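Shown here is one chain on its own, the form predicted on its own, set out as structure tokens.
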């Protein structure tokens, strides 16, 4: 007997929330501006224990979070040092060359905008001297080793201290307005997928569907896509990170769709596996098992939300989902992590995986839960939802509202 049954009706775009309004965007901008001083203060509070007197950052999500300056997806590759920042106990310096000076001044009014040269080393000594820094924490994962050595040579009396994860840990704990934007991005994605259903039929290619879905998100209120949409049919669905191809939808196969929208910098991420025509008993069994694995992980969060047992770790939740699939014994468990945090980046803290931290999940936070089963050369199923966890209010909520039922689309 199969583990899942086919739902009778299909979702409609009108079932989901409308996109944010101009007043929503204006309100979020005001909230962010008022939140940034506290974010900087939390960063500075770490200085003493690490023995540093300044922090040099390069990650584009971090500069937006702390100063308001925005670089688009991938723009950091051509921006030179623009978007780098130096925070001391008294100053916030934002580097911006002539291409970005006006933008930086407008978006980061609390920062002191300084010239951002393409080559950082020649001006490094003067830059750190301007804030009186002698020991500087650096986002080491983003600074090439060769540049690190050149900075050391340029200012030999300034010690560089590798730092990673400070701002990322702060960003994992979501403010209410951040959660609102993730939820708004989820609603845009929900509506887009509901509108796409009529196009998922035999003869449509993976690339056709991916382009159609992106168009629906962009014209439906998204400022951008969170990442390139993935649409995979039949055997290609066994590729967890496959790219859309010219492969066509066929009756009796699955269509796996992984996609997300972006609203005011914040992202969504959802995966749904749909069926075209009557699903096979095997594919229904796989779908049901994946759904149970996801439900088991979410149930564990709900069971511990009262705080008596303490919130689970990302490693705990990953183990719950994988063990359920392994105990069934019919199909291989997924080899990727169970999930990841989301916000200004599609993948951020907290992580849910076999190698995740063994400490409790932060709160409030938003993360994905996305178990899957992949049968090489045959089929694949993944179900992914974004979960809001807020221990203080006892709230565990799926922000992705598109139903997780089995949908058999007309063939």
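Residue numbers count along the first chain shown, from 1. All figures in this text were calculated on a predicted structure; none of them were measured in a lab.
There is another form of this protein, the form predicted in complex with another copy of the chain, and it is not shown here; the text below is about that form.
In summary, among the residues 78, 246, 327, 90, the only one with a non-hydrogen atom within 4.5 Å of another copy of the chain in the predicted bound form is 78. Out of the listed residues 199, 251, 130, 219, 219 is the one that sits within 4.5 Å of another copy of the chain in the predicted bound form by at least one heavy atom. With the partner left out here, another copy of the chain still marks one of 183-191, 295-303, 143-151, 108-116 in the predicted bound form; by a 4.5 Å heavy atom cut-off that stretch is 143-151. Within 4.5 Å of another copy of the chain in the predicted bound form, a heavy atom is found for none of 134, 166 and 310. Mapping the unseen interface onto this chain, residue 203 falls outside it, with no heavy atom inside 4.5 Å of another copy of the chain in the predicted bound form. Another copy of the chain is not shown here, but in the predicted bound form it comes within 4.5 Å of a heavy atom of residue 355. Put simply, residue 170 is far from another copy of the chain in the predicted bound form: not one heavy atom of it is within 4.5 Å. Although the partner is absent here, residue 74 lies within 4.5 Å of another copy of the chain in the predicted bound form, judged by heavy atoms. The partner is not shown here, but in the predicted bound form the stretch 99-119 reaches within 4.5 angstroms of another copy of the chain through a heavy atom at 99, 100, 102, 103, 118.
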